[in-house]
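One chain comes next, on its own, written as C-alpha cells: the form predicted alone.
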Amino acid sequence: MRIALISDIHGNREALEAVLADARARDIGRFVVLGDIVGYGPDPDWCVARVQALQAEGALVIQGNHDAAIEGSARDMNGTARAAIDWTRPRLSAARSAWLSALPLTIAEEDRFYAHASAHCPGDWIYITSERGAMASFRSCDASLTFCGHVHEPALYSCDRGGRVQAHAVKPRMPVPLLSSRRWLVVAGSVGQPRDGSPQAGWVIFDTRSRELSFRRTPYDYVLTAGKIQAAGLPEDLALRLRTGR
C-alpha cells in the first residue's frame, strides 16, 4: 500500500487541492493527515471540510497545535499565529471546531506511529530540528517508523540498534529505501506553508511493501493564496512566506 502523508495544511486550499490531485494520480491507498489543518491560511472552513471528507473515506487524521488552539488557548503562540487563530475561530462552525478539538494527538498503526510534533510528549508541541531532538522520540517510541510534521521543513532521521541517531539528506522525488535494520523518523514538511526555501507544497509517500519513502513537492498557485491572505486582512508576513517558502 502507498500512503500519502500530508501535514501543516494551514488553511491553504490551493495547496491542498494540488497535493490531493497529485496524490490521486499516484495510486495512493491511504491518506494520513498529520495535523494543523487550520491557522495562517485564508480557507480554514474549506480545508476542514475536505479533510473530514478524507477521513470519511478512511484517512487517519491527527490534531496539530493550531487545530487544538481553536477551542483551546493560543497563549504560547507568537503574535502572528495568535492573530491568525483569532481570525480563524469565527470562520468555523461549532461542529467543525468541536471536530478539531476531538482529534487524537497520536495514532499507532502496525509498525507506524503518527504524531503532529513528536512521539515524545506529543501535546507539548516540541520541534524536531536535530539529531538530538529526534533521539527523544526514538527513546519514547519503539515503532519502526514515526511520521510527524510541525517543523514545516522535511527531514529524515534513523536510529541504529545501538541507539545512535543519524540525520539523512532529503532529496525530493528520489525514493529512499528505509532499511528494516534501523528505525526511522520522518518529518513530512508542509503542504500549506513550507519554510525550506521552496514555495511548492511538501508532502510524503511511503510504500509499505517496498519500504521506500519519497519526499514530494507539488506546484500550486501560491500567488493566488497570498492575495487571498492579504484581502482577508491576515498578517502580511503570511503572504510573504508563501511567495518565498521561508
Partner chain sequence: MSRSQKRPVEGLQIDGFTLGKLLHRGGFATIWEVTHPDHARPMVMKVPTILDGDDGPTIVGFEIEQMILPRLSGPHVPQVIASGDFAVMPYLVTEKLPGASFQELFDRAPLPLAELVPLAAEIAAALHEIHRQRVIHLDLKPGNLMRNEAGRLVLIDYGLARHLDLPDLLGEEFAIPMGTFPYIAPEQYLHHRDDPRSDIFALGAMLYELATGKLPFGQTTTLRAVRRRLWRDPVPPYAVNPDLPPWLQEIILRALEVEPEERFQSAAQMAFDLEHPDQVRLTQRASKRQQDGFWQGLKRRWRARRIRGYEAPPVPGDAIRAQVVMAAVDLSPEMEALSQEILAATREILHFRPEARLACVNVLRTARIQLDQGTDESGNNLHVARLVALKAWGEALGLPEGRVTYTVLEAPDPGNALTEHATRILADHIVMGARASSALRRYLGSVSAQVVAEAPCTVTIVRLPAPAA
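These numbers come from a predicted model, not from an experiment. Numbering follows the first chain given and starts at 1.
Separately, the form predicted in complex with the partner chain exists; it is not shown, and the next lines address it.
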Options 95 to 103, 121 to 129, 75 to 83, 157 to 165; stretch whose heavy atom lies within 4.5 Å of the partner chain in the predicted complex: 157 to 165
In the predicted complex, does residue 108 come within 4.5 Å of the partner chain, counting heavy atoms only? no
Would you check, heavy atoms only and a 4.5 Å threshold, whether residue 212 touches the partner chain in the predicted complex? yes
Partner contact for residue 29 in the predicted complex: the partner chain, 4.5 angstroms, heavy atom: no
Whether residue 176 contacts the partner chain in the predicted complex should be assessed with a 4.5 Å heavy atom distance threshold; does it? yes
Under a 4.5 angstroms heavy atom criterion, identify the one residue in 217, 182, 195, 50 near the partner chain in the predicted complex. 182
